[in-house]
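The structure tokens that follow cover one protein chain in two forms, given apart as structure 1 and structure 2.
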Structure 1
């Protein structure tokens, strides 16, 4: 058992041996991974020490105080939040050794080849086929809404390997090399004007069986690990008052008295209160995690933030009056990150529309809260026992 004091000791040892001021960034990150201080709850040899998950904050605080470089986690959110825990749980020893270190350091960025044009919230309806030829799988199909595919070196991929069984049963999970022939990433321009996500066409892509994750036909169960981790992504971070999207609006209100109206004032105060209360709920969730008693609140955080971001950014556009009629830049770009703070109110308003769609629509998440938190009856299922190939589409 590794306790907080032990982690502080090991972190200081890492800092002594690799002084941040004189150590190359990547070298420092690799050393940190090898010292088991990347994600302390992972096993030894895989970037962790098998310590309790909540003790990561102890390490992070020490490193931050020492000015150590971080692994720029936002650039590789899918890798860190989704691919890694899935590889850890279902990967072979060889897969874990091969993938986890460059994933954590950010040397290799990941994307997720899950959604398809005909399979969004009903993800298990996917139609991308993987057909086995000896030790290789040949993959054909189309994926969509793939954030960051243009920067990704690897992808987690689910594909149909058996169309003759019900849709959840015939799926297999793979690790796909984005540089392989047959992987074609095409930007998908969004309502903001930029292309943060992509369509990905897979044409005779050959994936060796050694890059299958989990058993053949067990892909849906493996994907649940990925998806559960997607929704647990919040927590750990602390936000100051006005730290979210309400911040720029409040700032504008203070600095630009000529923009103020009574109607906007009423709406601003209401949203300010809701933003503060959501912040407190997130902080309460964080305190529960640190205390080792995670609550079900996390299931609702994404819902709350999606609605708030949309309402606040909508108000912000109106507050700006004449300027609200303008937009900073419609140039088609392919960004590495979603930039909520660097761009203007119009961008925030448009981009926030995605908050209630990405990672599960608010409608589907409300079902999940109702069924898993409140225990209400599940939605009726008419496709449960029908072979995928016999489903209407």
Structure 2
């Protein structure tokens, strides 16, 4: 068992052999991965040491104190938060060795090809087809709301491989090369002016069977690992006190006493407390992950994240009065990362509107919490045993 003292020793050895001041950033990150200090709870040889997950903070603190570079996790949130744990759980050894290292170092950015124009909340109804031709799958279809597809080298993709069985049973999970012929990425401009999302058209895209993740027809089960990790990554991110959306509002309140009213004060106090409760609950959820894979509880955190962000950003616009109606830049651009809090109040307010849609709509997440966390009766469903090809569309 690797303990905290051993991790400190290994981290200092890494720093001695690769001084941050004189080592190329990418070379340092590769050396860190090879030393098992990327994500210490992963297996040896895959960037980890099989150590308890909570000991990662020991490594991170040592490296931060030494001024070492990090892997800029925000640029590859889908890769680190969703693709990596899914590949670790279901991938072959060859897939793990091929993909995890460049994913963690940021050399290869990932996106997610799940949602479709006719399959968003009802994801299992997806219609993108993958037809096998020997050792290759030929994929045709359209995906939508794909974050960062314009920067991505790889994508996690689910497609229908058997239309003659019920919708959940005929799906298979693939790793798609976004540079392959037939992959067409087009921007979707948002209310913020940016186009962080995309629609992706797949036309006769050929994916070798060696890039299939999990068994044929088992894609829905594999995708649940991805989706559960996604909700934890969005709603359960580690934040300091007054981190996230509540920070800019609290800062404005302290620095601009002329904007204060009794009503705004009461609302800010309520939201501050709720934000702190949510932060601590997220910390507890991350501690529970030490014992295993994330479950449906992450849906509750994602729900709280969306509601709080929308209420807090609305309060900030109201607090700022006329200033809150200003907007810094409506230029059409395709950002490399999403920063919920880095721009002005108007941006935060508009961008937060998407929080109750992305990563699972709040309506769907309420069903997940009701059925899988609280154990309430499931809603009646008439399509569970009907072949996908026979469903009304």
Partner chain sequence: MTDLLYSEEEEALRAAVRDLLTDHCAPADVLGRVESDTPHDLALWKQLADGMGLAGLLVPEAQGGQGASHREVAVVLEELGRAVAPVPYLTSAVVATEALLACGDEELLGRLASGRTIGALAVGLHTAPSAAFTAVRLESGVLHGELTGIADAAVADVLLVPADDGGLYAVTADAATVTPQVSFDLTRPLATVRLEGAPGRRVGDAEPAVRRALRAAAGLLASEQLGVADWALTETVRYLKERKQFNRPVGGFQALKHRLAQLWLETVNLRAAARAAADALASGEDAEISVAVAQAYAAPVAVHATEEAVQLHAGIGMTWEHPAHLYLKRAKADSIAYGTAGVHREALAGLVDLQTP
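Note that the rigid core is defined as the largest set of C-alphas that superpose within 1.5 Å between two forms. Keep in mind the model is a prediction, meaning the values are calculated, not measured. Numbering follows the first chain given and starts at 1.
Each of the two structures shows the same chain on its own, and it is structure 2 that derives from the form predicted alone.
The two forms, fitted on the rigid core, differ between structures 1 and 2 by less than 2 Å at the CA of residue 179. After superposition on the rigid core, the Cα of residue 339 moves by 2 Å or more between structures 1 and 2. Once the rigid core is overlaid between structures 1 and 2, residue 24 does not reach a Cα shift of 2 Å, moving by less than that. Comparison between structures 1 and 2 places the CA of residue 326 3.6 angstrom away from its other position, after core fitting.
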